[in-house]
Ligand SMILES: C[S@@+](CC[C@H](N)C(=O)[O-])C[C@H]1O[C@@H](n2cnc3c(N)ncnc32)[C@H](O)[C@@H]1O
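In structure tokens, the next block holds one chain alone, the form predicted alone.
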């Protein structure tokens, strides 16, 4: 039996997410795609959806209410009390097992507080039928009321949980959902030789090694301390990654046309002071990427330096061809993802 879900994801990747869902879930019918969210019907289970690494949060879809820009969160919580079908759908979706649940409300992706008396009334409605109990701190399910800037509100029950990245990721490390998407955009194949020459903490290389079959994963950086730290991290993760200290401007240890995919996050020059000449860096790295990539090989670059990257790409347009570009946010900053193919 199919169920309607909605999921959130990193903004800017609507088309990529829709295509990925169609490939990975059973009998998917996409109903709505918007800025960072998608509503879809599928025969796949919640467990199948939980395994999708490119999604942020996933919900059993309850309702989309139009024309709510003039309403308050408390107005919308009253809808839960009044809408008996919504409450019935919650219990139907999670029947057969006891769950704890809590209420969360957001306005334009920012969590907000709710009236305590009203919250208690909604909780009483939710637990009035069988298998739900309230836990305001560590619930395994969450009823979300999400007012969006587009003027509508989504109601859903979140059944996924994401790790606290402030505790689990290194400073400046890219979120796993983003590294997965970057690797996905490189059209991964099991025979690939994969390279990240600006590896930093190694998030992209580790994602490629753990989530997609691959012949060889290579990661390097010019910073010796980062290289040593990544080697220790890889020992703990047991992923097969070759780590080296390389300068992306001159990849002397790599033969011409020896790499199938380069996926990387070069310096942006946006954080604090830097003595890096980004103009020269981007020029030199693209020449080297053009040399080491095989014909029809793929380059995926994440950067906030849109104009600079595009101008330097124009310098090598005979060998590197821009295929797609995505606009997104990384830690609240505007960034772009460029997908480039090596000409034959």
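Numbering follows the first chain given and starts at 1. Worth saying up front: this structure is predicted, and the values here are computed from it rather than measured.
There is also a form predicted together with this ligand; it is not shown, and the following applies to it.
Looking at this ligand in the predicted bound form, is some heavy atom of each of 29, 90 and 156 within 4.5 Å of it?
-> No, none of the three is in contact.
Just one of 138 to 146, 70 to 78, 91 to 99, 173 to 181 has residues with a heavy atom within 4.5 Å of this ligand in the predicted bound form, so point it out.
-> Single hit among the candidates: 173 to 181.
Answer with one of 108, 115, 255, 247: the residue that has a non-hydrogen atom within 4.5 Å of this ligand in the predicted bound form.
-> Contact with this ligand in the predicted bound form is made by 247 alone.
One residue of 211, 201, 239, 216 in contact with this ligand, assessed in the predicted bound form (non-hydrogen atom, 4.5 angstroms) | Result of the distance check: 201.
Using heavy atoms and a 4.5 Å limit, would one call residue 281 a contact residue for this ligand in the predicted bound form?
-> Residue 281: contacts this ligand in the predicted bound form.
Although this ligand is absent from this view, report whether residue 265 comes within 4.5 Å of it in the predicted bound form, heavy atoms only.
-> Yes, residue 265 is a contact residue.
For residue 304, is any heavy atom within 4.5 Å of this ligand in the predicted bound form, or not?
-> Residue 304 lies outside the contact set for this ligand.
Wondering, does residue 222 line up within 4.5 Å of this ligand in the predicted bound form on heavy atoms?
-> Yes, residue 222 is a contact residue.
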